[in-house]
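A single chain, nothing else alongside it, follows as structure tokens in the form predicted alone.
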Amino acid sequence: MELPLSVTQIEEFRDRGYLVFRNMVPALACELMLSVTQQQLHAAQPPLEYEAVLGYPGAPASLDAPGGRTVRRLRDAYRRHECFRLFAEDRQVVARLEQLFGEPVRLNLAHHNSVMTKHPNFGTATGWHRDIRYWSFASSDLISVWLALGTENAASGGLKVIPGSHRMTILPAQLDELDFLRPDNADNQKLFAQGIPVELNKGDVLFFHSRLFHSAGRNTTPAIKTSVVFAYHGESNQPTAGTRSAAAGEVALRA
């Protein structure tokens, strides 16, 4: 059987820390996910994360302030609707992950597992960070899988990445108290200059390493930018007992 990833693609992921797959998810599946997201946003269906609660720079001051009920993400996407679960378990996704991990795959339900929404006006920018800062595993070798449900570029607040940064040694002085790269650090300024946008269209899927530094700007378009994202690890890489990473459980997957 022909494997979905070539040797070149695997080497590219190991070198750059990310891969983009164009038109991986059919338009009809994306439209269904968008429709469900819009319905659940309108109903404020929990669990939710509000921009005002997260409190990044530029967020509404409180839930009662203008824009205070702006949703940043719909949590627990896996259990929200079958359309999200089907993407999380998609054979194309799992087969690629099996190649990259070199072993069977687990979907972690504690991390990501979200529909990300970036709204005009009140959707905040996100500084340079690594996803592994949130997570507790034996190894930091995890992969995030990000599906664009519409156009993602600089104008809509799309992702930027620093290629190869998952292999870099970062000193504590380069990070703030939340493990974001500090803008006032001279070494970080050199890193920021290496950042490139990852432009995506509806149905495109981005795989990126949990140590890869990435950021995102504000959404200056009139439309809500919507993405679905899940986090995966190899079966031998177990979450640390007693941590949030272990608390929500995981799903064993096979291609």
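In this text, residue numbers run from 1 along the sequence as written. A quick note: this is a predicted structure, and the numbers were derived from the prediction, not measured.
Not pictured, yet referred to below: the form predicted together with a small molecule.
Select from the listed residues S165, Q99, N108, T126 the one whose heavy atoms reach within 4.5 Å of the small molecule in the predicted complex. Among S165, Q99, N108, T126, a heavy atom within 4.5 Å of the small molecule in the predicted complex occurs only for T126.
Which one of V145, L159, L181, C83 is close to the small molecule in the predicted complex, taking close to mean a heavy atom within 4.5 Å? Going through each option in turn, the one that passes is L159.
If contact means a heavy atom within 4.5 Å, which one of 183-191, 29-37, 198-206, 65-73 is the stretch that engages the small molecule in the predicted complex? Flagged stretch: 65-73.
Closest heavy atom of I224 to the small molecule in the predicted complex, within 4.5 Å or not? Answer no; every heavy atom of I224 is more than 4.5 Å from the small molecule in the predicted complex.
Would M116 count as a contact of the small molecule in the predicted complex, using a 4.5 angstroms cut-off between non-hydrogen atoms? Heavy-atom contact with the small molecule at 4.5 Å: present for M116.
Residue contact check: A216 to the small molecule in the predicted complex, 4.5 Å heavy atom: A216 belongs to the contact set for the small molecule.
Would D131 show up as a contact with the small molecule in the predicted complex if we use heavy atoms at 4.5 Å? Flag for D131 set to yes.
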